[in-house]
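In structure tokens, one chain follows: the form predicted on its own.
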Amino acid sequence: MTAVTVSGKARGVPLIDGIDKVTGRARYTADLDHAGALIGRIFRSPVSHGEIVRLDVSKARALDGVVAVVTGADCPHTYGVLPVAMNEYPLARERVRYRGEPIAAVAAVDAETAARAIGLIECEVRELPAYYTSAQARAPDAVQLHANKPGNLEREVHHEFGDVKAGFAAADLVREAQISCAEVNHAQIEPHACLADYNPLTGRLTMQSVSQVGYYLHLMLARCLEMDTSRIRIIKPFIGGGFGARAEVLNFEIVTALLARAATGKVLTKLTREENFLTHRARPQTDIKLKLGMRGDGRLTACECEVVQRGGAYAGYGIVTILYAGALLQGLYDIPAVKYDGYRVYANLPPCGAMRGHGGVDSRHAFECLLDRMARELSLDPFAVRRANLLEAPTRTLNDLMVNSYGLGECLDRVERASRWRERIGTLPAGKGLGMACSHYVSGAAKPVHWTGEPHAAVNVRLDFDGGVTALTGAADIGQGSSTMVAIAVAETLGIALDQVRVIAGDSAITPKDNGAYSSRITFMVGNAAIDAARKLKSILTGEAARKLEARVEDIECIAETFRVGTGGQASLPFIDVVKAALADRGPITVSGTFTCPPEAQGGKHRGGAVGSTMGFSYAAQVVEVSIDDATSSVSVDKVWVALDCGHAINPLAVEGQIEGSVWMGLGQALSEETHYVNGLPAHASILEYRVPTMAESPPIKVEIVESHDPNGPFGAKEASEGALAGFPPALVNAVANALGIDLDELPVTPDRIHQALLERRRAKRLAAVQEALS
């Protein structure tokens, strides 16, 4: 395999772990060697809200084959990904707040014994009022779910930038919409699992888990088990997707560690699919009130938005999610005035958290839908409306988000041309329609969740006698291809073949700390750190080559694993010879590369201003073509055209895959995905009931990669895995509107909702006809 030329237009390379995955050699958490491991099982709350009056685990503890039982008494510490929002115990203490909340856990010699032990646990709970909607939880007489949160508000946010009142006064058209988006789940294929091994002789704990955030897991295990961090080792195995489900520490991980310590041995916990839905941490049910002002030429004058998120029983990522929903109203278009009011509400349901496109998907859906409705009312083309509001980079938004590169205009051009929009819009047969929308996302949060003063990313590169280069990174590859990106960055910088680079990722004993796989931070931050490390190593080798070739350092080049003097190559040395010379006096070489976001990227001074701040936004535009069955009102997606500005495609093959994955997740949220609860218990707790799209529903997706070359990105790259997601649901709803002439205010767009909207339109027409006749 040759080195990848990032400045070229090659299609890219397969992921370096791809062969292991497709051949079955990859070992996921549940596949790990658990010989001799006990089986962990969790006893969960049978009610949605109540006080624990009595908990008796004595019969379970006495059962033959049970080695350990733990309860809330074994962990007096709360945990959470955000230091200011830790209000959840791994095992409930005194009070339960959702049905299925962990109360106790057992470790037994086998699964059957563990299940029997769970059945022997006696728990008496005095039920309290339970609230399953935001409105119920916010009612004046509602019981407080958390003592320090009156009104059951986890957080409320109020921001105003620019003169909103004057903006609406200057508009030729002002319209409002109320749009609701259902709660949805990640539904990753690999269920949650972890393997914890506690050595009582050394007092050390080794944890292998599905986590996207090994560093935060490390911190929370140390906190909850009151252990020194140096005695904890976190190893990341292969992970079968995350999409944000594992972007915070999960209760079962801490519970498994507690069991391993109590049993002084090894414990494996594998959650069932139902338990995955109970652990949840996905996109919250969201109600949006949106008001926009627009001039006759399509120019936006003002935006006013209220967002209410039903966050579930505990804080999780909630205080960040509700901030993102408002912050990401900006950064896509040039809006002269924006007012945002956000409310994150507690309810007696499994906690919500981060999900792909974190915080921005639902508010962007509402925005793009209302934008299209206003365009139609003004007889404006929706592409023209978007172009009327484009930003000009470099710039800063009203809420102080930094935009250094901006390829949205080219994205619009690409999908308009590829879909033949101008020829086809309004000319399709009955029941068919085209719709479009735009979206964007951050390339990592400019401020880390835990402010330690350390670099935002670090990569070590090691060189030994064999000439092989090893990159060590704490970054979690969860299927997005981050390890391949690190390998490409190192190989390209050094001028060596890609297969000469080995990547070791996610082992706290040997790799540098990394904050994790969330907010699309890895390519931008870890990529820059990898390049920094490779440059430092290259400087050492170049100096040695110059000495051996008796030339000036500045005249030495390394191309195709050969160091030569100038482009003419009058004198040259193979890479391996230079390596041996460099190692002769010093032995193996390890260099560290780092990356830290500069202060100017870290957001505004207003409260919450750090959320939404990033080093570079990706931008996307897409067109969706739909067909609606006249008899069943079911929607099928015929084709999708999507263009994404990712700055520079380091590995185009992986970028295409990530864009397709974003569109596919948006398809699920738009058409079928929706959580349902019956008295607080999920009625969809399997992949059969929870309807994700199958191959039968998946349309052809035409991907266009737009490269704006971000000045701060690694080789000019930005994120590529989330920016296209938020554009799909509104593009689909806009396509349905163009096909049927109805505007839908709820997601997902199910046949019953379309049928109901058509019925209401027919009734309205009949009523109007009757009133006209009577007049």
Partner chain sequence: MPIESPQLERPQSQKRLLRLKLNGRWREDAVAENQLLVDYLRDVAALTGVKTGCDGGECGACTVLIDDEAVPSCITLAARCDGRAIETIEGLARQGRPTRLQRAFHEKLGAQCGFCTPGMIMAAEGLLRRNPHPTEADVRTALSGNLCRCTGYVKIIESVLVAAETAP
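Residue numbers count along the first chain shown, from 1. Just so it is clear, the structure is predicted and the values come from calculations on it, not from any experiment.
Omitted here: the form predicted in complex with the partner chain. The next part is about that form.
Taking the partner from elsewhere, D381 is found to have every heavy atom lying beyond 4.5 Å of the partner chain in the model of the complex.
At the 4.5 Å threshold, heavy atoms of E416 stay clear of the partner chain in the model of the complex, well away from it.
In the model of the complex, at least one heavy atom of A30 sits within 4.5 Å of a heavy atom of the partner chain. Heavy atoms of P394 never reach within 4.5 Å of the partner chain in the model of the complex, leaving it off the interface. Heavy atoms within 4.5 Å of the partner chain in the model of the complex are found in exactly one of 362-370, 139-147, 458-466, 108-116, that being 108-116.
Residue-level contacts in the model of the complex: of S698, S634, S592, S572, one residue has a heavy atom within 4.5 Å of the partner chain, and it is S698. Here is the short version: of I705, A187, L401, A505, the single residue with a heavy atom within 4.5 Å of the partner chain in the model of the complex is A187. When contacts are defined as a non-hydrogen atom within 4.5 Å, all of P46, E656 and M665 contact the partner chain in the model of the complex.
Scanning 329-351 for heavy atoms within 4.5 Å of the partner chain in the model of the complex gives no residues at all.
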